[in-house]
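Below sits a lone chain in structure tokens, taken as the form predicted alone.
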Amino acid sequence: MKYSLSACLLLALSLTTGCKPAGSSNEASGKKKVAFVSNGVASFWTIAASGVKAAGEKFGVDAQTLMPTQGIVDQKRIIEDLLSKGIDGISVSPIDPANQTDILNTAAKRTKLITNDSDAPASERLVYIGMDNYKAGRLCGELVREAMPSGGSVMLYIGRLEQDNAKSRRQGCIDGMLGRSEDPKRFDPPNDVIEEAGFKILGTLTDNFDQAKAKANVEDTLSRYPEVGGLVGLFVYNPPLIMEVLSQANKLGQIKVVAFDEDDKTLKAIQEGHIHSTVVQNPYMYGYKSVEVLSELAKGNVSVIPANKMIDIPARQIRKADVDAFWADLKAKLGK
């Protein structure tokens, strides 16, 4: 898989925001060691890494962030390496939970294991920290209806659909856009064309975190579907790449765009009126809360785990009227 220079820089930044590399013991100070493992390299995870760093300092633990650059194989290697070095707790965003149960359960037997952002409910993880992705997807679908009150043709973009969060988010977006009843178990095949409620969903294009592929997907959409009226980017890097393609094609403002997550380029485009709105998570709090919970679990305090084994950090809709205040708060958390 190829990564852009910016992606590599993000990876470097993430690795430096943690306190120390895995295995660099703080035995003299008695600090516990915990790790936050993302599902890829993106600005979303750089925000999470800031939360990891802040919580490590607050709760007196050696906390680090690690981002796999080569998908599921790399994530498995990272987890195995952490276990071999005696990590006290891991928070992971599983790439393909259905096919990672073995490694997750191995980790759960040897350390305190929790999930963040994307869950693995069939595993032995202790708790999931994140949002209800189906409900967040519905928020995104509502924004599409708002941006396109007369309906029209829409294409969806997402990194991969193996992840629990991606499947739920995409389906929620579709159901919210089409005004359907809530049904988190519903699944529309990604290659199907769906025509309901005045909308024509042309399909869902994946890129497997390859940003060159993600950009090419948008270019292909404009070439194959000149009538397309709306583009929806469901992973953090999708909306900025949509903006790049539309700018190059001189189509800014001609096609409605609804986003997900809080990349700086996305927020700037909302300010400028090129993106209608976005649904934001709270990756900073994913990182912060993960370290807080792992710190308590390492002390033997299991009361931090709620009965439903989920710590809900709800999503929010951000429109042009909200973006300045939201961005100012985000910059403050990142120390900008």
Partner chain sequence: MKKALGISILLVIVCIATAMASESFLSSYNLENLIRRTALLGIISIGVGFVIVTGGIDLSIGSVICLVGCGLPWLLTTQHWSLPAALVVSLVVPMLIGLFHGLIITKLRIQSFVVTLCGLLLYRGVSRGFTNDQTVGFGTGFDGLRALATGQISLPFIEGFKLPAPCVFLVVIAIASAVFLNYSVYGRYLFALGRNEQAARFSGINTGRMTILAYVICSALAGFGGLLFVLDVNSAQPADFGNFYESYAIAAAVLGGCSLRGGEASILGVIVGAALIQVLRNMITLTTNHQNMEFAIIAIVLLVGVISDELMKRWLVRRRMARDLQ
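Numbering follows the first chain given and starts at 1. The structure displayed is predicted, hence computed values, not measured ones.
There is also a form predicted in complex with the partner chain; it is not shown, and the following applies to it.
Chemist: Quick one: does residue 106 come within 4.5 Å of the partner chain in the predicted complex, counting heavy atoms only?
Modeler: So residue 106 does not count as contacting the partner chain.
Chemist: So, residue 215 and the partner chain: in the predicted complex, are they within 4.5 Å at any heavy atom pair?
Modeler: Heavy-atom contact with the partner chain at 4.5 Å: present for residue 215.
Chemist: Spell out, yes or no, whether the shortest heavy atom distance between residue 282 and the partner chain in the predicted complex is within 4.5 Å.
Modeler: It does not: once the partner chain is placed as it appears in the predicted complex, residue 282 has no heavy atom within 4.5 Å of it.
Chemist: Evaluate residue 41 for contact with the partner chain in the predicted complex, applying a 4.5 angstroms cut-off between non-hydrogen atoms, and reply yes or no.
Modeler: Output for residue 41 is yes: heavy atoms within 4.5 Å of the partner chain.
Chemist: In the predicted complex, which of the listed residues (200, 265, 76, 186) lies with a heavy atom within 4.5 Å of the partner chain?
Modeler: It is 265 that has a heavy atom within 4.5 Å of the partner.
Chemist: Only one of 67, 35, 270, 48 gets a heavy atom within 4.5 Å of the partner chain in the predicted complex. Which one?
Modeler: Contact check passes for 67.
Chemist: Given a 4.5 Å cut-off on heavy atoms, tell me which of 135-143, 80-88, 200-208, 177-185 is the interface stretch with the partner chain in the predicted complex.
Modeler: Within 4.5 Å of the partner lies stretch 200-208.
Chemist: Suppose contact means a heavy atom within 4.5 Å; in the predicted complex, does that hold for all of 241, 245 and 249 with the partner chain?
Modeler: Every residue of the spot touches the partner chain in the predicted complex.
Chemist: Are there residues in 284-302 with a heavy atom within 4.5 Å of the partner chain in the predicted complex, and which are they, in order?
Modeler: Stretch hits: zero.
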